[in-house]
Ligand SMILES: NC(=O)c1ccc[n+]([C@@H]2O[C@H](COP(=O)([O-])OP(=O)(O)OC[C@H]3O[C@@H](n4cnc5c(N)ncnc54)[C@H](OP(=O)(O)O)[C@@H]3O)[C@@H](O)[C@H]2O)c1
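Before any questions on binding or motion, here is one chain by itself as structure tokens, the form predicted alone.
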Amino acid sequence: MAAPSEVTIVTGCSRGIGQAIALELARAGHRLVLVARDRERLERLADELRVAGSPALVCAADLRDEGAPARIVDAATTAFGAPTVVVNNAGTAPADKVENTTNDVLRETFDLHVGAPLAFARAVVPAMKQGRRGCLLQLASTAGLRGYPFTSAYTAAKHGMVGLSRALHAELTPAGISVYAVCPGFVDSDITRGAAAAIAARGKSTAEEAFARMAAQNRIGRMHTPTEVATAVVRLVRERPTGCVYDLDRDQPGFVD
């Protein structure tokens, strides 16, 4: 069971799913380290949390910088103590035809979805091993379990994130560290609505039609909400059940092999 005084890093939490996760974790008593590139948005979220009585530290950073995770962990340790939970939510969702998908796009997507979680693991695992407790949670996607058209870089990176989570789970579970990859389908978020608008801009449908097609690709037949994703994340962090890859896009969400 998670202790009420967990020191928790949440990346990509200036909006959308990450913000919903941060709010839910604050309600659960976590001391939060808020990470994203947009300092102004992070400060507004931190002020909201502090007014509600939840301690929060703002760390504005670009996680494409390999050294950023270690600096964030150092700042968190100075402010609150060694982090016991890391929620890797930051990412990007490029969508284009394969012939337009460059190596630069692929590298950036892997840096955020695979490189940053690995760098955070390197930085926090020694203290977690010493205390024989901790949790590393990646906000992955059903794109890490199956393929979608026009998302070659994103799908490859999310498969990498799921694979990294499985490897860390196998390595770190004996040390008392839980590792999860949470896999929702399409979520009603700024990123998803932006993708729908981009499709509409190419003149093949309206944004509303594109959004509806994406929702229909979810096995639950609708968009996930940020709140239901956040609720699943907080439950895993709190209860630490046995398992690694958690498929949210099912009538009965649960772990998959």
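When you see a residue number, it is the position in the sequence shown, counting from 1. The model shown is predicted, which means the values in this text are computed figures rather than measured ones.
One more form of this protein should be noted, the form predicted in complex with the ligand, which is absent from this view; the next part is about it.
Remark: Glu209 does not count among the residues lining the ligand in the model of the complex, judged by a heavy atom distance of 4.5 Å or less. When the ligand is considered in the model of the complex, Ala157 lies well away from it, no heavy atom lying within 4.5 Å. The closest heavy atom approach of Ala123 to the ligand in the model of the complex falls outside 4.5 Å.
Using a 4.5 angstroms limit between non-hydrogen atoms, Cys13 touches the ligand in the model of the complex. Checking 46-54, 25-33, 62-70, 196-204 against the ligand in the model of the complex, the stretch whose residues place heavy atoms within 4.5 Å of it is 62-70.
Interface residues of 163-190, taken as those with a heavy atom within 4.5 Å of the ligand in the model of the complex (partner not displayed): Pro184, Gly185, Phe186, Val187, Ser189, Asp190, in sequence order.
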